[in-house]
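Encoded as structure tokens, the following chain is the form predicted alone, with no partner shown.
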């Protein structure tokens, strides 16, 4: 069992005055920058010229080139897309590292599988809030939080764990629970869940259900409503109260049908394939492929195919403004 940390382990005011460079100002970068600033840290944004830099300036943050951000900061927090980590680290960050600085990540992929080689005298920590950036801000503003994972890869200073816990506190982690992890364990579980269930598995199940109804002669709007739009209701019930909440909140007809028919679709052979997928991820197969130069072209082609799926066409038709 991984350790669950107590908020009492966070030194009071630990982040006040700490110089944190947030590399990248996408949804996660923006959310974490605002919350860490609120906790008293001195925040600057490391970004290239473009949309993210302009967005950060619009939010009244100082924006620096990556190299200058690395020179200035005590803590260098990578919130860039994973494939960008290696080149940014090599060209802009590593030349300016010195004892006393700490590298920080919110995803364990690039460090866990060696795309970034952390110098022995540099601290390296992981802080992973299990929420999108928008959800992270929304939860924090409403007094809530999200489960947060923290890990320490190297600790030459000796206070790296306290730093990770203080950052987790600033992000609202203790309102839901802060748990110990490692870079590889966090990345493996996250990649598996995304690929097998949350993104890959769910979208393929939805597409298969949609096509089955269409092939049987049902109107696209009906197939969309049943297999796509109603999915949110099910997921919200499951996330808020677990399996029992789901089964007890829907009709007895839906509950009985789901319990008895679900295993006809998702049988034991699926878990066998899931185990194969997890093993491939743990052995570095996905990391090796995803962090390879040129894979972005394949990704763009896959995304193009997804955007042309009949579900997208039906979604646009249903949600287009109605003409009088």
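Numbering follows the first chain given and starts at 1. Because the structure is a prediction, the values reported are computed rather than measured.
The same protein also exists as the form predicted together with a small molecule; that form is not shown, yet it is the one meant from here on.
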4.5 Å heavy atom contact, residue 67 to the small molecule in the predicted complex: no
Contact label in the predicted complex: residue 34 to the small molecule, heavy atom within 4.5 Å: no
4.5 Å heavy atom contact, residue 44 to the small molecule in the predicted complex: no
Partner proximity in the predicted complex: residue 284 to the small molecule, non-hydrogen atom cutoff 4.5 Å: no
One stretch from 199-207, 74-82, 95-103, 147-155 that, in the predicted complex, holds residues within 4.5 Å of the small molecule by heavy atom: 74-82
In the predicted complex, the one of 88, 223, 124, 165 near the small molecule [non-hydrogen atom within 4.5 angstroms]: 88
